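A single chain comes next, written as structure tokens; it is the form predicted alone.
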């Protein structure tokens, strides 16, 4: 049914798998730190970075556009931190403000680019909703290098990120540079989001950050296993979504990947042992039956 002998499908599937792995690993920390909305803010904030990178360089090189997106997303994150620190505005409100302002600026810049004489060559609208089918080998290579560096950084700073996620106050008391670690972890999340904008787009990228991690959280209480499961779920979503979209005419790849990830989340919420709705229902019935037997005896 799926022709993995097709070169285009192999390229898209490989890129989607890399994106899923990177997003799953970094998204695990975002979910545990209750910063899921941060991924949405970063993805929307990255749009003006893509447009500005093109305007300044006239280049559609994936590395240039990704770096522009990462820089804008990082600046958006720093803006949120600055607003929260210097005012009485809470973090969720600050995230909404930064997300809407940056996204609005990005749309204005995209509109301006489309009016340029060479607008037909820009093709930057793909970053709005994603166009994974348009990925080339060089795009996948860029995603692989940046994604590998992000995952390697997580491995190197595993102990610090683990402590930061569960007990930042204790980490500070132990002498760890908590503020610096938070900036580093957020920067890695920015990289994970930036490399996925071309495939999934700014609108849906946050879903790919949150969904694999949320699904993995239902299956385990151990961070290491959760990160591995999230990476596996992300890769499975990417490859399956790419394969399904290639087999159905006019079916967009990015939304299909997100839908597959949503199905994995739904199945995890339903059937995961311990936390799944089915498992909890069975456990509740057993408890009720045991209570009745004890009451009758």
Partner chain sequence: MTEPRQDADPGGLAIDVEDLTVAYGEAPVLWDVDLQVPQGVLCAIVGPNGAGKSTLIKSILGLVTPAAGRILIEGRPYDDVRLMVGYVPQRGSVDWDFPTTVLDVVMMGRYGTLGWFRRPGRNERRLSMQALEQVGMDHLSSRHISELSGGQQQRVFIARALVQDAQVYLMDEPLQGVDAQTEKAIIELLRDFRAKGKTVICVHHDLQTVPEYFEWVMLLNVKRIASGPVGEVFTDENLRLTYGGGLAAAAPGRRDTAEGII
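Numbering follows the first chain given and starts at 1. All figures in this text were calculated on a predicted structure; none of them were measured in a lab.
Same protein, other form: the form predicted together with the partner chain, not shown, and the subject of what follows.
Of the candidate stretches 135-143, 161-169, 76-84, 95-103, only 161-169 has residues with heavy atoms within 4.5 Å of the partner chain in the model of the complex.
In the model of the complex, the partner chain lies farther than 4.5 Å from every heavy atom of residue 115. In the model of the complex, none of the heavy atoms of residue 90 sits within 4.5 Å of a heavy atom of the partner chain. Under a 4.5 angstroms non-hydrogen atom cutoff, the partner chain in the model of the complex has residue 32 among its neighbouring residues. Contact annotation for residue 174: at least one heavy atom lies within 4.5 Å of the partner chain in the model of the complex. Shown without its partner, this chain lists 185, 191, 151, 226 as candidates; in the model of the complex, only 226 has a non-hydrogen atom within 4.5 angstroms of the partner chain.
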